[in-house]
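One chain comes next, on its own, written as C-alpha cells: the form predicted alone.
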C-alpha cells in the first residue's frame, strides 16, 4: 500500500447538538475555562422547515474548537429514542453502557499537574470527575457534559515509540483481514497478527 502525503493540521472543530445552551456554556466556559471564540446566528438557513439556530464555538487549544448547535423551537422530546445515551443518540435499556461511552471526545493536556487542575475544576462543579484511569501510555479523567456526551481529558505518561506505530499498523492490517472473513474473533486477530510478523520480519532489519 502506498503512503499518501499527510496534509491536514489537526481538528478545526467537532460539533454537537444541545438542548441546554446555558448549562453547556457553564460547563465549557465557566468550569473548564474554554473561551467562546465564535458564534453564528443563522435565521432562514437550509430548507423551508429548517429551524433558526445558533452555532457557537469554544477554544480547546492549538487552534482547535468544540462547537454546539442550539435549534430554536426544537425540544428534547421531539427527538425520541430510548432512555440511555446523549441528546444526539438515544439507546434502549438493553444497550451496554460501555458501547454508549465508546463515542466520546478526548482533549489532551501537557502534564499531570494540568490534568489534576482540570479534575479539581470538575469536582467543584455540577459535573464531577467520574473516572480517573491510567491506560497503556496515557492517564485520563472522565465525566459527562450537560448534554450527556462522554468527555475525556488526558495526558501522555510517555512518548509513543516508532515500534508502537509499527505494532499499530500490524494490528490494523490483521484486523482488516479477520473482519473480511467469517466470524471474526480476538483470537483470530492475534493469530493473523503473528502470521504478518513472520511474513514481514525479514524486511524490517534492512529498513532499520
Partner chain sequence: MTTLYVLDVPENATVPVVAAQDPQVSVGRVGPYFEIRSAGPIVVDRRATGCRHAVWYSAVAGVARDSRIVQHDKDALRVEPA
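These figures come from a predicted structure and were not determined experimentally. Numbering follows the first chain given and starts at 1.
The same protein also has a form predicted in complex with the partner chain, omitted here; what follows describes it.
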Answer option from 37, 157, 175, 42, heavy atom within 4.5 Å of the partner chain in the predicted complex
157
Contact assignment for the partner chain in the predicted complex, among 197, 23, 11, 15, heavy atom within 4.5 Å
197
Which one, 157-165, 57-65, 142-150, 25-33, holds residues whose non-hydrogen atoms are within 4.5 Å of the partner chain in the predicted complex?
157-165
Please run the contact check for residue 134 against the partner chain in the predicted complex: heavy atoms, 4.5 angstroms, yes or no?
yes
Give a yes or no for residue 4: in the predicted complex, does one of its heavy atoms lie within 4.5 Å of a heavy atom belonging to the partner chain?
no
Restricting to 166-194, the residues within 4.5 Å of the partner chain in the predicted complex through any heavy atom are 166, 167, 170, 190, 191, 192, 193, 194
